[in-house]
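One chain comes next, on its own, written out as structure tokens in the form predicted alone.
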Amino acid sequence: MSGNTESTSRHSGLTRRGFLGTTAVVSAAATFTALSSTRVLGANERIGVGVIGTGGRGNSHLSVVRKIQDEANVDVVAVCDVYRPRAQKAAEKYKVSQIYMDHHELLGDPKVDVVSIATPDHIHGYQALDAIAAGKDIYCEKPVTHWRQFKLTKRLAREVANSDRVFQLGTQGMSDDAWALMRQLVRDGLIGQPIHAECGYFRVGD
């Protein structure tokens, strides 16, 4: 996980891209990175995060935001889940006042600057497209779409490229330094001659 950030004093205001850099460091293991545009925040202004999907991954996102909320000048301002009892439980746990059952309503909330998408794989792409259309920046859980939705993946890539929105996919584990280190160990012969490698393509596939 990486990202270029503008340097801005914590006391004078944090750029939203600066928030990306701050969060990336804090959440490499916890999988949440909130993203947003380059507008510099005022001294009393905070970044509003809306979390779409309050299951296991969504709760991980909520937990990380709570841990970094003061340092990163960020608040969860809304949660959304099609199953209201689950959304209510998350809202109570993380002290979020606004609950939605339709992600379009959350995207229409002017207090939401960044959306975190933690719903089932096959609706990631559609919700991300809706978020771009609504002018929100996006952190999306992996995979970006279901593996049968490659056309949707391409469409989303085009829409992001043609917008001024920031999009981050939660692939921190795949960009971990451990993989580069392992490659170097093999190249330098420090683990001996490899004779077998085992890989998995789908962690939870169909």
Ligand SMILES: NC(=O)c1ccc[n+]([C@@H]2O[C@H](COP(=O)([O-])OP(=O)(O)OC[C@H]3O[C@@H](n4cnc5c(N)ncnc54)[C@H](O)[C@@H]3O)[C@@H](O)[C@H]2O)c1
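In this text, rigid core is short for the largest set of C-alphas that superpose within 1.5 Å between two forms. Residue numbers run from 1 along the displayed sequence. Just so you know, these numbers come straight off a predicted model, no measurement behind them.
Heads up, the form predicted in complex with this ligand isn't pictured, but that's what we're talking about next.
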By the heavy atom within 4.5 Å rule, which residue out of 66, 142, 46, 155 makes contact with this ligand in the predicted bound form?
142
Checking 114, 128, 74, 118 against this ligand in the predicted bound form, the residue with a non-hydrogen atom inside 4.5 angstroms turns out to be 118
Interface stretch in the predicted bound form with this ligand - options 128-136, 106-114, 74-82, 90-98, non-hydrogen atom within 4.5 Å
74-82
Considering only heavy atoms, tell me if residue 163 and this ligand come within 4.5 Å of each other in the predicted bound form.
no
My question is simply whether residue 50 lines the interface with this ligand in the predicted bound form - judged by any non-hydrogen atom within 4.5 Å.
no
Using a 4.5 Å heavy atom cutoff, which residues in 160-188 contact this ligand in the predicted bound form? It's fine if the answer is none.
170, 172
Using the core for the fit, does the CA position of residue 175 change by 2 Å or more between the shown form and the other one?
yes
